[in-house]
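Coming up is one lone chain in C-alpha cells, specifically the form predicted on its own.
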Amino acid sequence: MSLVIRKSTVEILCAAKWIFRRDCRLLSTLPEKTEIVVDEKERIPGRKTRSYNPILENRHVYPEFLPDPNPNWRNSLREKMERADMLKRRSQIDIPEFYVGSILAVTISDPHAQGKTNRFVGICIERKGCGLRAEFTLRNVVDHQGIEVRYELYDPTIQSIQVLRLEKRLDDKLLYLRDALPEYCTFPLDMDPEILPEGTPVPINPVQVKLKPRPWLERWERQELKGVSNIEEHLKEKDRVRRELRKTPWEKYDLMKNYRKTIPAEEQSEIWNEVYNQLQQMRVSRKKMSRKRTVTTPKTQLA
C-alpha cells in the first residue's frame, strides 16, 4: 500500500511540474513583453534565461488565430484550414490592429443603402471568438439612441476597417457602457483618424465612466471593474453583503482552471511559426504601398 501511495505521489508531482512549465495564464493577463534582462556578471553559467520572443507577441495583435481552448471544440485539421482562409482574406482586405476601447469605422456592402455601402463609427466594447468565428461589437449613440453593431471579423461583406483612435481601456470588456452616461460612447460619424507615430506603444485610456442609476443590465458591482467610478453610490447595504458572499478570490490561484482557459505557450509558438512569415510579408507590402501614395496637385487644363 505504501508503494502505491508513493508512486501516485510521484506522478502528481511530475504532473504539477509539467503544468508549471507551461504558460497557463490568461491572454488578457499576460504582459506586453515577457523579456527578462539579466546582467552578464550575474548570469549563472549553464542556466537558460527567457528572452523576448516577437513571434509570441502576435497573441495580442491577432488573438483570433489562437484556437478555442475547450477540447470539445478542437480539430487540428479544421483549425489549419481556417488559418489558411484567414490569411487569404487578410490578403484581400487590411484588418488593422485594434483592441477593446479603440474607435473604429467599418464600411460594409449594403444593397439597400444609398451608394450600396454602409459606414458605422463606434467604440469597440467587446471582441471575442476564434478562427473564422471571430467577431467584435461597436457602440455609438446616434440621435440620443444607443446603437450597437456586431461584425464578424472575416465577413466577406466588410469592405474596410479603419482605426480612428488606437487605444486600450482598463477592462477587457466595455459592456457596462450600455448603462453609462451617453457622453462616454458618443462619437461623430465624420471623426478624423488620429495617427500614432510608428513604434509607439498602444496608449491606455485611464478614463472611469459614471453609470446611470439602477436598474442595470448586469450586476456590475460583482465584477472587478476598473473603469467605473460610481458603483458604490448606487448600492444598498444588502447589495454589498450579497457581493461579499459571492466573492471567489481563490479562483485566481486555481492553476487548472486558468490552464483550461488558454492555449499553452508551446502550441502558440507552433501556430505563430506557421503564419508569422505571411503576416509579416503582408505588413511590409502594405507599408510600401502607403509610401508610394504621394499627394499630387491636379494639373490644370489649358483651354
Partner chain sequence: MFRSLINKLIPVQSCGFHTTSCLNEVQLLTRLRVVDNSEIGKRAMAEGKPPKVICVYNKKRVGYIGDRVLVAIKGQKKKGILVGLKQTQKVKVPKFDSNNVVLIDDNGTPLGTRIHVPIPTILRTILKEKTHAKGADYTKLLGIATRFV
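Note that the structure is a prediction, hence the values are computed from the model and not measured. Residue numbers count along the first chain shown, from 1.
Missing here is the form predicted in complex with its partner chain; even so, the following discussion is about that form.
- When its partner chain is considered in the predicted complex, Arg246 lines it closely, a heavy atom lying within 4.5 Å.
- Using a 4.5 Å cutoff between non-hydrogen atoms, Asp171 does not count as a contact of its partner chain in the predicted complex.
- When its partner chain is considered in the predicted complex, Lys210 lies well away from it, no heavy atom lying within 4.5 Å.
- Within 4.5 Å of any heavy atom of its partner chain in the predicted complex lies no heavy atom of Ser229.
- Here is the short version: of Leu196, Val149, Ile95, Leu181, the single residue with a heavy atom within 4.5 Å of its partner chain in the predicted complex is Val149.
- For the candidate spot formed by Thr186, Val284 and Lys288, no residue has a non-hydrogen atom within 4.5 angstroms of its partner chain in the predicted complex.
- Between 96-104, 152-160, 229-237, 200-208, the stretch whose residues reach within 4.5 angstroms of its partner chain in the predicted complex through a non-hydrogen atom is 152-160.
- Annotation for 92-114: interface residues with its partner chain in the predicted complex are Ile108, Asp110, His112, Ala113 [heavy atom within 4.5 Å].
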